[in-house]
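Next comes just one chain, in structure tokens: the form predicted alone.
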């Protein structure tokens, strides 16, 4: 019995290969570094969804469908932004997606991507007391999400940053949220139910809650010269150092370097990146001394936090913004699972009391 299913193979997939031993992530034949450097989010969505929808249009038409879907999502959600803003971030997103129909076709998939983007961006502004920003159907998806969140025109460097982020985190194997989405999809419940299942799993702090606390750690340290003492005291207290260690990767998470590269050229990132690099060096050195038996390398959350902060995304929205991108992967996995026509039904071992005889 393997309680975490860590050594159980539960699916065959064409979507990604997460090679934890060698620190490599391959998405349908492409390295994550190449996608982060050269692909738009629409490129990655088209790559992930190819072969799973009979009516999947070409890459350009997919972008047009997604732009129009954002407009429709805004019109549909606009009367409910105030209500959605009353719920915590991930709960508000989950509620917003309940407005989507529960089919298994391309139209539902596009609707889910659009609805999540509009909900996250507009509800974030309502929570902060700002006017919502309508979507622009002519913009790329990543650019439009960033514009709706910040209310500012998206500079080329920021466009590269948000597209690199979305492309990097859209797909990552059979993690907890993706497995949850596949289990629900196997029942033929529909894509909306599968994506909501993924969000519900991502909501848990052991899965989706690390990027914000990375910034809290950097704020607490403040200056590189203070890093050694701060980190030693944190380890003495038994605190977890956010942004380090990963369940799968035994070496450096390749997504960390992909996102670090995307930060160059962002005006707000220079000082923060210098601090982050200095602190990263101290933390890795200290972990090697304090926990030599464990492979605690930098993971994706560390540079996610610094990149999203440089893009002026509120740290309270980090997990929701992640869900906007990962929904593309959840949808691809749901369709792949559905094609097997096999419901997920693992066995359990009973360890309760034996049969009790009637008195």
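Note that this is a predicted model, so its numbers are computed, not measured. Residue numbers count along the first chain shown, from 1.
The same protein also exists as the form predicted together with a small molecule; that form is not shown, yet it is the one meant from here on.
None of 78, 274, 232, 240 but one reaches within 4.5 angstroms of the small molecule in the model of the complex through a heavy atom, and that residue is 240. Site annotation in the model of the complex: the residue of 264, 281, 247, 101 reaching within 4.5 Å of the small molecule with a heavy atom is 247. Although the partner is absent here, residue 206 lies within 4.5 Å of the small molecule in the model of the complex, judged by heavy atoms.
At a distance threshold of 4.5 angstroms between non-hydrogen atoms, residue 42 is out of contact with the small molecule in the model of the complex. The small molecule is not drawn, but in the model of the complex it has a heavy atom within 4.5 Å of residue 287. Taking the partner from elsewhere, residue 59 is found to have every heavy atom lying beyond 4.5 Å of the small molecule in the model of the complex. In plain terms, the part of the chain that comes close to the small molecule in the model of the complex, with a heavy atom within 4.5 Å, is 287-295 out of 22-30, 311-319, 42-50, 287-295.
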